[in-house]
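Form predicted alone, single chain, as C-alpha cells, below.
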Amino acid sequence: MVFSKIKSASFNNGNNSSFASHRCEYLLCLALDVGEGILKNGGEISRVEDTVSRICRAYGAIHVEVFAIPSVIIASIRMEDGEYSSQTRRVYGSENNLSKIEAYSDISYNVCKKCPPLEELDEMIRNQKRKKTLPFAIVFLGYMLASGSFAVFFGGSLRDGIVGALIGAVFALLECTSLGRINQLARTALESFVGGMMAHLSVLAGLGQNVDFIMIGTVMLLIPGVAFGTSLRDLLYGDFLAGSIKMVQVVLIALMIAFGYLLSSFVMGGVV
C-alpha cells in the first residue's frame, strides 16, 4: 500500500509532521475516489459533495470545501492539527449505473459509521473498482427486451417488437465495440441513424409492419431520461451551474437522437 510506504519512510526519518501531512493528503485522495465513483456512474452533484465532505469530517477534518460539476471535483480540507490539503479530480465521461452508486454510497455510510483505518478504506475502494459490471449476455438480453417491449407497448405489432428487439441487440453490440469509446454525441447520432435505417429496411423487407412504432421502441434505449432527472434534481438542490451543464448535455443528446432518425428517414425517401 502506498500509505504504508509513506508511513514507514516518515517514521524512519523521525518526521511525524510529514506523516501527518501525507495522511491528510491520503484521506482527501480516498474521499475523492468515492466521490468520483458516484459522479462517474450518474450520481447527483449534491450527493458527490456531501459524500466527500462526510468522509473527511469523519476522520477529523474541521474544515471541508468541495465543489463539483459533471467533469471535475475540487476539494480542500484542514485538519485539527493545522495540516491542509487541496486536490482536483478530473472526471472523463459518465454513465448511469445505479448499482455502482449504491455500492459507493454504502462505502461512505460504513466509513462514516465505523471510521476504519485509511488502509482498509483504500482496500474497499480498490475492491469496488475491480468488480466487473453485468455480464454482456445480461446486457444484451436487456437491450433486446426493452426495445422490443416498448415497440409493442406503444402500439406496434408482434413483428414490430421482434424487429425492435433485433435493433436493440445491434445497439448492445455497438456499445461493446470501439464505438462505445468515442464522443457521446457522435455515438448517439450514429446509433440513431443505424436504428432508423434498420427500421425502414425491415419494413421494406416485410419483417416489420410499422416504421414509427419500431423507431419509438428503439429510441427509448437512447433517451437520457435518468440524466434529465439528475439535472433537475441538481437544479432543485441549488447546484445551478452543475444542473445547467447537465441539462445542456441532455438537450444536445436529444438533438442528436432526432438528427439521426430524421437523417435515416430522409435517406429512405422522406419523413414517415
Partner chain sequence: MLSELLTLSFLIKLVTAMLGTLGFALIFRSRVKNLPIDIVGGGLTYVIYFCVEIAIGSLFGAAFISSVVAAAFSEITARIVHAPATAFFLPCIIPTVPGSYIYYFMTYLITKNYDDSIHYLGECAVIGIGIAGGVFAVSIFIDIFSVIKDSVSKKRDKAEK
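Note that the coordinates shown come from a computational prediction; the quantities given were computed from them, not determined experimentally. Residue numbers count along the first chain shown, from 1.
Keep in mind that the form predicted together with its partner chain is not shown, yet the notes after this line are about it.
The contact with its partner chain in the predicted bound form, taken as any heavy atom within 4.5 Å, belongs to Leu134 out of Leu173, Leu134, Cys115, Ala186. Just one of Asn127, Ser149, Thr88, Asn110 comes within 4.5 Å of its partner chain in the predicted bound form, counting any heavy atom, and that one is Ser149.
Among residues of the shown chain, Met215 is one whose heavy atoms approach its partner chain to within 4.5 Å in the predicted bound form. In the predicted bound form, its partner chain lies within 4.5 Å of some heavy atom of Arg233.
Although the partner is absent here, Gly142 is a contact residue: one of its heavy atoms lies within 4.5 angstroms of its partner chain in the predicted bound form. Looking at Ser202, you'd find every heavy atom of it more than 4.5 angstroms from its partner chain in the predicted bound form. Judged against its partner chain in the predicted bound form with a 4.5 angstroms heavy atom cut-off, the residues Glu44, Tyr237 and Ile257 are in contact without exception. Listed stretches are 80-88, 150-158, 67-75, 115-123; the contact stretch with its partner chain in the predicted bound form is 150-158, by a heavy atom cutoff of 4.5 Å.
In the predicted bound form, the residues of 217-237 lying within 4.5 Å of its partner chain by at least one heavy atom are, in order, Val219, Met220, Leu221, Ile223, Gly225, Val226, Phe228, Gly229, Leu232, Arg233, Leu236, Tyr237.
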